[in-house]
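Presented below, as structure tokens, is a lone chain in the form predicted alone.
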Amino acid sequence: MIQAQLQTQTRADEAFDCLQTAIVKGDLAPGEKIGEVELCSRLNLTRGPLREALGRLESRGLLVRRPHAGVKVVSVSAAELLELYRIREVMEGLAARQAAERMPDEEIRDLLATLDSHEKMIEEAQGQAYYQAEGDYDFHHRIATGSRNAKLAQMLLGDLYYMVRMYRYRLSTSAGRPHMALGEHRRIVEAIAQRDGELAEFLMKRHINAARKNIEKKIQEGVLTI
């Protein structure tokens, strides 16, 4: 029985990881309806593990359940997305300032090494994408935790974090944007390493402001549909 439970849990974990990546990368588009029968077939799953995975995605705010409409990938309006980026600009700016004050030297060195691995990944994608897995491999996640501000990290790494990841990846595929974003990340970490909180905050806010302006431009051009 224990072995069976472990196998079921593993299958649920695999389904969760697969579906979350599909949502972040846009393979499952915002607003798209989730069909359990089709997914069971595609992922070679029974209903139990799939429903567990869907429940976890729903708790992260990536899926929404509507009466008589089933389960869909979450979607936001253009105005809501731009507001999310304005919120991020302020909150992540503060996180960068506090990371400069509180992040241990060892964590800063590790973060620089992570950015080196990001650079290799961008090169492998021929400069066309900048995909960051969640958690410690994610630059913004590391800055939030490095701020040593538990309340701020909780706000940044809750529903806001998972919803924004959906759009960050889609925007990272813009021509030239992956290398530009990586350069901005490096300058922020350099300011943190120099313990210059004011500069780190300024650079982070400018980084996210640039991303927001990129969103506005793409929406106006009809390239990004929300």
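This structure is a prediction, so every number in the text was calculated from the model and none was measured. Each residue number is its position in the shown sequence, starting from 1. Basically, rigid core = biggest C-alpha set you can superpose within 1.5 Å across the two forms.
As for the form predicted in complex with another copy of the chain, it is not shown, yet the points below apply to it.
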Picking from R195, R187, K33, R56, the single residue whose non-hydrogen atoms come within 4.5 angstroms of another copy of the chain in the model of the complex is R56
Residue among L152, M121, A133, L112 with a heavy atom within 4.5 Å of another copy of the chain in the model of the complex: L152
Is there any non-hydrogen atom of M91 lying within 4.5 Å of another copy of the chain in the model of the complex? yes
Residue-level question: is R60 within 4.5 Å of another copy of the chain in the model of the complex, judged on heavy atoms? yes
Heavy atom to heavy atom, is M166 within 4.5 Å of another copy of the chain in the model of the complex? no
Check L160 for me: does it contact another copy of the chain in the model of the complex (non-hydrogen atoms, 4.5 angstroms)? yes
Flag this candidate site as yes only if E83, I87 and R102 all have a heavy atom within 4.5 Å of another copy of the chain in the model of the complex; otherwise mark no. yes
Partner contact check in the model of the complex: of 187 to 195, 64 to 72, 22 to 30, 37 to 45, the stretch with a heavy atom within 4.5 Å of another copy of the chain is 64 to 72
Given a 4.5 Å distance limit between heavy atoms, list every residue of 14 to 36 close to another copy of the chain in the model of the complex, or none if there are none. none
C-alpha of A53 moved at least 2 Å between the shown form and the other one on rigid core: yes
Answer yes if the Cα of E190 shifts by 2 angstroms or more between the shown form and the other one on a rigid-core superposition, and no otherwise. no
Once the two forms are fit on the core, has N214 moved its CA by at least 2 Å between the shown form and the other one? no
Given a change of 3 Å or more, say if the Cα atoms of L57 and M155 sit closer or farther in the model of the complex than in this form. closer
Can you tell whether D138 sits closer to or farther from V74 in the model of the complex than it does here, judged by CA atoms, where the change is 3 Å or more? farther
